[in-house]
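Starting off, we have a lone chain in the form predicted on its own, written out as structure tokens.
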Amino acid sequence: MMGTWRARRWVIPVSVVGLCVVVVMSGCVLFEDERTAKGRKLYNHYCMHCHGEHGRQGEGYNWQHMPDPRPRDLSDEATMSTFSDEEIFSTIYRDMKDTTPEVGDPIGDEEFAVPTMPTFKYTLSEEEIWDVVGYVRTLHGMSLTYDVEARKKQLEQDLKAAEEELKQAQAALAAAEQRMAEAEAQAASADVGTDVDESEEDVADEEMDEEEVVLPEEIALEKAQLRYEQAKKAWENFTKRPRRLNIPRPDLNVSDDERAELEKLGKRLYENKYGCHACHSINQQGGIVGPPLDRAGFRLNGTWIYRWILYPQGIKKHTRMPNLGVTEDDAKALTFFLKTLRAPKPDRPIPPPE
């Protein structure tokens, strides 16, 4: 009995040690909260190929193929601790800037304008981006201090308050219109049998005055509707992924001169604004996350390219390619540039696009 009991005493510590080893090797996955776990999953899908599993430079399989500037070291606490949670969020949630010198977008000193780092503003919800920020913090031994739950609760309260205000404004307008209708009915009944000589001009003036009447309740309702729409949009941006519906068919019939200008612009946007070469390669130069585009002009239909650029998730829901917020004009220019890529057929087949 004594020997058996002693053996069991030793089994427990060994198991605990083994568990601790697993936890340390896996980055403390077992002790992650729900938000950090969601951030890890999103990071692994959208970020790891460039930033690496642990955020270290040279770790991601795409890192060495990328043009400069390459991703910073997310595991470096000395550097990353100088950035606030909000600054990291803004880096992920931003509009892309054309970094072409002199002819590109105006870029402020505090703006993050790196074309090789995509935006996820049009792909993920704000809450999901905060999840990613929270996970990125763990890569350099820190934790998220921004109160995401408080922000979410505030937006929910703002929406409920705006909805209640809208209902009250609607009820107030309905009551005012009812009072006006009753007053008009009483005035009409008082005029019955009264012989009033009115000129056509006087009647026209009265009708015009009636048309120009705007009730205070109407103005209040318009303001309440605006506040409700703003609150609803803020709530949906925070909780739901952006969607883009009804993409129009592009008009790709242009003159030769216009085509040449669009091709030139598309090349500039490809390299200096949307950073397509960070994930795609041409002539073996560029990233390897997406397929090579050397023969895109042969292999891809112009309308398909245009729609894919504008909303890749609409064609392939779980694609790693983010929606970069490309405008319709920019998408058209990129389409014409990609149609110029007509390299000779390689010895080995190029894998199909996403």
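The first residue of the sequence shown is number 1, and the count goes up from there. Computed from a prediction, not measured in an experiment: that's the story for all the values here.
The same protein also exists as the form predicted together with a small molecule; that form is not shown, yet it is the one meant from here on.
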Candidate stretches 97-105, 171-179, 117-125, 146-154, one within 4.5 Å of the small molecule in the predicted complex by heavy atom: 117-125
is_contact(residue 320, the small molecule) in the predicted complex, heavy atom dist at most 4.5 Å: yes
Does the small molecule come within 4.5 Å of any heavy atom of residue 280 in the predicted complex? yes
Residue 91: heavy atom within 4.5 Å of the small molecule in the predicted complex? yes
is_contact(residue 299, the small molecule) in the predicted complex, heavy atom dist at most 4.5 Å: yes
35, 70, 65, 307: which sits within 4.5 Å of the small molecule in the predicted complex by any heavy atom? 70
